[in-house]
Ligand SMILES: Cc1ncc(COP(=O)(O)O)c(C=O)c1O
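As a starting point, one isolated chain is supplied in structure tokens, in the form predicted on its own.
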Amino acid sequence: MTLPLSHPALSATDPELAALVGAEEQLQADTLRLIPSENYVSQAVLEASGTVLQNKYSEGYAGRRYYEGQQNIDQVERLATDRAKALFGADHANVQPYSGSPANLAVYLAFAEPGDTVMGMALPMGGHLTHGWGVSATGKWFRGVQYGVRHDTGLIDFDEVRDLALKERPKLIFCGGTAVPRTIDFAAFGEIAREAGAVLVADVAHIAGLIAGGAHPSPVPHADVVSTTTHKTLRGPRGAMLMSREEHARAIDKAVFPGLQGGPHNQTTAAIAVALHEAAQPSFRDYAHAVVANARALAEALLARGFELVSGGTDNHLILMDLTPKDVPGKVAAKALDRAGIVVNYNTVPYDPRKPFDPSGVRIGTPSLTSRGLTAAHMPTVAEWIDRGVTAARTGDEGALAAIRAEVADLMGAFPAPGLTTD
């Protein structure tokens, strides 16, 4: 598959950078992208991200700005917030956070004081850095307590979560994470948060698109605040949103601006609006359910090939593999698979005896391949490639990796990626 450089001004001004963009276009076209936090955005989202909205400063909120000339910008932001509220059924939405971590920091600023106790899933168990983990600012400025998953099932024990919450009485409880392959029981978390007197924050960055498409339960009826990125399964630009009950709207807005940020990135706001419009279409529901169907089919095919999966499978878009039985460290496997044209990330698994930068696991997901049109019928082939790649990683067989890469490129050529212009 050949991708021409379609950036004439960039090519003329900075050919070195243009060449790198072109190389990335080619790489994204030719490889099988299995990182669960990545996806392909539409041409419309790409175009919105590169508009003249880039040129405008807009500190404040629609109708309450510190700069003039906001006649169009206010409408863009209102369009995005109205679409977010309609799509997710939320009382309030703020589309200004620059990314997921700043969005979560705004939640701390809105509801907690430095030194307060906060509670979230431990990072090695599948949680996120910003849920009170020690190396994050959220773990340094607040007292973080963590819950995990059971040794035997890889699932959350809600009796343990409740006991911990009642003992520690955190100001905030985070649910959701970055490597959680199972359905999140928002109702159970909501009951625990109410009993403990805590604010429940549902971080749905990974599964927002599945929620929008009806392929995962929504946290909105149960959580005080919903935090999400706008890329990943939602297929928007690299941005974030905070949604909340009306009673928390003012605190959230003040925390985002002026609490943490200056002017919003208006071009990103516009692209978020486009992505939310796309997510409201019937075809997006088909996509969201196909993401889950593909993940389940891939998990079944991997299990049939002797792979050990955390929790035994998946309910969503994400699969976490423990490669200890395969006698291959996760990092070694991930780098070998990359050479084979299969893009994954190495990842810790629960109770991992190895260090985070050299863990036992590999994390994969199906959003990108689903966006390209691959179906459950292709998943046994994907599992076969992964199996061959992991074996080649163990034996050092570079020839086998090269053969897989050629097969991957051939299949990818039959399923062009959204947003990439091909010959």
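All residue numbers refer to positions in the sequence shown, first residue = 1. Here the structure is a predicted model, which means the values were calculated and not measured.
In what follows, reference is made to the form predicted together with the ligand, a form of this protein that is not presented.
Just one listed stretch, out of 295-303, 225-233, 79-87, 258-266, contacts the ligand in the predicted complex at the 4.5 Å heavy atom level, and that stretch is 225-233. The closest non-hydrogen atom of His128 lies within 4.5 Å of the ligand in the predicted complex.
Within this chain, Thr324 is remote from the site of the ligand in the predicted complex, having no heavy atom within 4.5 Å.
Using a 4.5 Å cutoff between non-hydrogen atoms, Ser311 does not count as a contact of the ligand in the predicted complex.
Although the partner is absent from this view, Gly100 contacts the ligand in the predicted complex, with a non-hydrogen atom inside 4.5 angstroms. Scanning Ser218, Asn347, Thr178, Gln146 against the ligand in the predicted complex with a 4.5 Å heavy atom cut-off leaves one residue, Thr178. Contact with the ligand in the predicted complex, defined as a heavy atom within 4.5 Å, holds for exactly one of Ala205, Leu105, Ile156, Ala165, namely Ala205.
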